[in-house]
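Read the single chain below, which is given as structure tokens and is the form predicted alone.
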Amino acid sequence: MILSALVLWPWIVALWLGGRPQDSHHLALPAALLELVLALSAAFAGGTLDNRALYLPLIGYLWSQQNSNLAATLAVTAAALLPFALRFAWRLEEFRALVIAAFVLVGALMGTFFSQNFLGFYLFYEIVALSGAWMILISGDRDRAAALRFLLYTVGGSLLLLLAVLYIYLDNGSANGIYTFSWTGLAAVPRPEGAVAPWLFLAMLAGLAVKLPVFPLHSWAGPAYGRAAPAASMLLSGAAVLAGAYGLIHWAIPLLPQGALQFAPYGILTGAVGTLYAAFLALDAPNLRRFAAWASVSHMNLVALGLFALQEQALHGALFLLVAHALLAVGLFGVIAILEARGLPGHWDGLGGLFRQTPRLGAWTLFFFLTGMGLPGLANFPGEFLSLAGAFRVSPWPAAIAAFGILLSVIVFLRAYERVMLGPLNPGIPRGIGDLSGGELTMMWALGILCLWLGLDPQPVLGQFQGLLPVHSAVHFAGAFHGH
């Protein structure tokens, strides 16, 4: 029941707000906090939760949901982002429309995490794409081109994902006479092997890696994150990416272990190149928004490096980095939201010397930039370290390229901080510009405590991934994994 509530409650809220716009500011935050409570309840309940409904011949239970440590951890992460995003969007004129899209997106994300029927997963995955495109279209610069590009990339890729799973569905059905889209049914032997396996894996990869976004499927991310409202970018770069990563771990790799293993060397290299390339893009970013966008893409390519390494340490690091990056995304785009609320659009030539006028904002900006650099003791460090250490054991040279990308990101963040906060105050900035308000400071403290907790005591989150490998490797990888 909790799993169904996690999916349906945000959609009920979205429907309610669609008919009663006057309730937007009163209902949005309590509803988001209730969603977080539901997600925490699912996490504490463990793997005992299981819902099934809507049985259809040749498809199975379309509404088939099961809990797992990985799904519950990502659900808590997505639910935790929602109240922060809504609070940062509080004063926007498009607040109501953004809230509705955000609740639809979070409900669909919950569906992707818990669905055990592929068609159910696919439908939720498409709703994530549609609601994400809608958020880009109705918020920030309302850039139609950015929204269309995001939609074309994600929907086009997911069609390839659907075709690949249809092949597996028919292949399984012809082999054992059982036609089903359930996870256990599709993963049953015999699985597609031989020359077709890598092509099927590439097709699934096209649909899932595009949402991370992994190089070279990343080009939609800069315009999308850079043109949407910061609150929308928080959800796109911190929460929507979780669906792509989860799909790779839960669907693509277990269904096609041979294809995953054959692609692994190229996947590691792709993640490494993407980490470095996006860091260069961030270095050359024309404004603070694009800087945050490309820094986010660089981190997600490091996640891809860890996932494609098919090695326990790297996999744990990649998943941990997903969780940590979600908090960082809120911090980075939260700083941008605060600047924009004070009339500063984020162009480099309109910033500079802000620390003199806003020391508290300057201090928290430095905190999140240090988190993005992977400073030990802060949230990103355990994930970056484990991803790289595991990848080095599998493929040293690509890991070295990714390490260079991380070193470059240190320069990128320091340069951006210098442009925004240090030096003499930009003459274009009003002298009386306000520092953080009480509400903004509360959000910064909440985010800061979570970042410190992940950095200083990562084991509680890492422990959630311990049960992942016996499920996804011992049974389904059949020895294909690169080991611990």
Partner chain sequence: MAIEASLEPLALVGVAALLAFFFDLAPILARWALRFGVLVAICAAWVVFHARLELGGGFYWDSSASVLGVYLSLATAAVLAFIAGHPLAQRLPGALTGLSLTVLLGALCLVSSQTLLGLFVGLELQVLPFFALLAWPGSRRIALEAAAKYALLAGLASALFGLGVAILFLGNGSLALIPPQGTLLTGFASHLGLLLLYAALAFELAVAPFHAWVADIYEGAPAPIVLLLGAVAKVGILGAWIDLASVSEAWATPLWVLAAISMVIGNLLALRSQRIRRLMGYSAVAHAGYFLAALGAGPLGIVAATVYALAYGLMHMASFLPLSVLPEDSHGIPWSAFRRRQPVLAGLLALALLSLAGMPPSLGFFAKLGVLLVTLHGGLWPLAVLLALMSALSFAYYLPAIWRVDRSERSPALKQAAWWSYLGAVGIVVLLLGWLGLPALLTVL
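Everything numeric here is computed off the predicted structure, so don't read it as measured data. Positions refer to the first chain, counted from 1.
Another form, the form predicted in complex with its partner chain, is not on view; read the next lines as being about it.
K.L.:
Decide yes or no: are Leu386, Ala403 and Met421 jointly within 4.5 Å of its partner chain in the predicted complex, with each residue judged by its heavy atoms?
P.N.:
None of them does, since no heavy atom lies within 4.5 Å of the partner.
K.L.:
Of the residues Leu148, Val273, Leu366, Leu261, which one places a heavy atom within 4.5 Å of its partner chain in the predicted complex?
P.N.:
Contact with its partner chain in the predicted complex is made by Leu148 alone.
K.L.:
Of the options Phe291, Trp251, Tyr122, Phe88, which one has a non-hydrogen atom that comes within 4.5 Å of its partner chain in the predicted complex?
P.N.:
If I apply the 4.5 Å criterion carefully, the residue I get is Tyr122.
K.L.:
Report the stretch among 291-299, 101-109, 151-159, 242-250 that approaches its partner chain in the predicted complex to within 4.5 Å, counting heavy atoms only.
P.N.:
Partner-contacting stretch among the options: 151-159.
K.L.:
Look up in the predicted complex whether Leu62 has a non-hydrogen atom within 4.5 angstroms of its partner chain, and give yes or no.
P.N.:
Answer yes; at least one heavy atom of Leu62 falls within 4.5 Å of its partner chain in the predicted complex.
K.L.:
Please determine whether Glu340 contacts its partner chain in the predicted complex, using a 4.5 Å cut-off between heavy atoms.
P.N.:
No, no contact at 4.5 Å.
K.L.:
In the predicted complex, is there a heavy atom of its partner chain that lies within 4.5 Å of any heavy atom of Leu54, even though the partner is absent here?
P.N.:
Answer yes; at least one heavy atom of Leu54 falls within 4.5 Å of its partner chain in the predicted complex.
K.L.:
Taking heavy atoms and a 4.5 Å cut-off, does Leu92 contact its partner chain in the predicted complex?
P.N.:
No, Leu92 stays farther than 4.5 Å from its partner chain in the predicted complex.
K.L.:
Counting only non-hydrogen atoms and a 4.5 Å cut-off, give the residues of 120-141 close to its partner chain in the predicted complex.
P.N.:
Counting only heavy atoms within 4.5 Å of its partner chain in the predicted complex, the contacting residues of 120-141 are Tyr122, Leu123, Glu126, Ile127, Leu130, Trp134, Leu137.
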